[in-house]
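As a starting point, one isolated chain is supplied in structure tokens, in the form predicted alone.
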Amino acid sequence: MPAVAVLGAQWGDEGKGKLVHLLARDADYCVRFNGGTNAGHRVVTSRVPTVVGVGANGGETEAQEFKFHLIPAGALHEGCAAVLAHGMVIDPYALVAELEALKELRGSEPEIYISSNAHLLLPYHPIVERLEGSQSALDTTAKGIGPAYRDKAARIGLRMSDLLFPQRFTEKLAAVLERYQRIWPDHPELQRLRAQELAHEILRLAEGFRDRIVDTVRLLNDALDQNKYIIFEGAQATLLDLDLGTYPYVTSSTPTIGGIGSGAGVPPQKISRVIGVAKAYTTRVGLGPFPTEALGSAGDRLRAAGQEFGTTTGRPRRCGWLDLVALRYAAMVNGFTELALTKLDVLTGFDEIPVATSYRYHGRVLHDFPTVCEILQECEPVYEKLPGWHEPLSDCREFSELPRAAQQYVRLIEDELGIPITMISVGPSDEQNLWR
């Protein structure tokens, strides 16, 4: 079976969780290779038995929503093992809470493996982020992701493997905490933390997952050698990549195709399908340039129709029209073999739908996406305007059932990118899709 990568093609929130959940029905493993609790993958499923019926035993099931933050979305399926690879930073408190919630929803213990080399995100990291002001300056999720990755790069971070050696873990935690307390000697929230108490608390939490800490690089490569089906689930998205995105308004990890090699230890030639996930329009959370942002009533309408509020933070997302300049860039750097187009139904009701095919910058027309923010923030989109449609799409299951204008919209994207759109989502549930 192939190894499949599912990657965000815009600024995140494209619907990767839904696609991963659908593809993982037949998968052996689903892998998160970057990020931490700053991710929020919302899955609406009717395939999990609930207390209202006997479900898997032949009764009715009820649609339920689950919000993933650390665990990959494939974990809702009984036969799919979840892998948290070493490219992640993992909050042990959030991990335990998410494992318990997932167990309750599934009615069984999820099969999960955690990389021994994954770094820990600890209670002092969010405090440090707030003290430094990066949370407000960059409008981050305030989860402490940046400081955790910085500790990793500075080689003072604590890893999952440290939890296997309690005394050594306590000593290392004490050293890092003392370092931060020396930097901010007058901050009461940070000074209240006690290394011994904190270590004891975290080690107690680890009892719930310590036996799941393994060498995931060997696990995944052995599985591929055995022709197992693996899905690599990216968190965040291409335009938030630390190196390839709109720096400094980016995340602290690598959510693009290269993150699978560095964050999971699987060489890129073993990935046979690279699926980019894009909304039929564009959204962005937080600060940073956004050339196709629709201000005023059009943006408000997209936000309301698409329920564009952050899964992790609840923040309203900035909304705008589809940006094909940015999508071409994402396709180039990731090598997308196909595209999944989500939320096409949200565009229903617009008489006319603008699509950006190029930018204008100081009188010049740009077809390539500039990642330098000083340039991007002065770019004006050049729009091609397509006819809209008013027919609802939620019951469409074949491409031919879409209104002619919606078909034209999809074909324009395919022609501009030169790659096929193989899945179209027309609603939040796991049945509201067109497969091509």
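Just so it is clear, the model here is predicted, and its values are computed rather than measured. Sequential numbering from 1, following the sequence displayed.
Although it is not shown, the form predicted together with a small molecule is what the next lines describe.
A.B. asks: Thinking of T292, G320 and R360 as one candidate spot, does the small molecule come within 4.5 Å of a heavy atom in every one of them in the model of the complex?
C.D. replies: Zero of three within 4.5 Å in the model of the complex.
A.B. asks: Going by heavy atom distances of 4.5 angstroms or less, which of E111, E132, D215, D139 would be at the interface with the small molecule in the model of the complex?
C.D. replies: Contact with the small molecule in the model of the complex is made by D139 alone.
A.B. asks: Between I353, A206, V250, A331, only one gets a heavy atom within 4.5 angstroms of the small molecule in the model of the complex; which residue is that?
C.D. replies: After the contact test, the surviving option is V250.
A.B. asks: Does the small molecule come within 4.5 Å of any heavy atom of Q236 in the model of the complex?
C.D. replies: Q236 belongs to the contact set for the small molecule.
A.B. asks: In the model of the complex, does P370 have a heavy atom within 4.5 Å of the small molecule?
C.D. replies: P370: no contact with the small molecule in the model of the complex.
A.B. asks: When the contact criterion is heavy atoms within 4.5 Å, does I145 count as touching the small molecule in the model of the complex?
C.D. replies: So I145 counts as contacting the small molecule.
A.B. asks: Is there a heavy atom of G40 no more than 4.5 Å from a heavy atom of the small molecule in the model of the complex?
C.D. replies: Flag for G40 set to yes.
A.B. asks: Looking at 7 to 15, 20 to 28, 424 to 432, 410 to 418, which one sits within 4.5 Å of the small molecule in the model of the complex if you count heavy atoms only?
C.D. replies: Checking each option against the 4.5 Å cut-off leaves 7 to 15.
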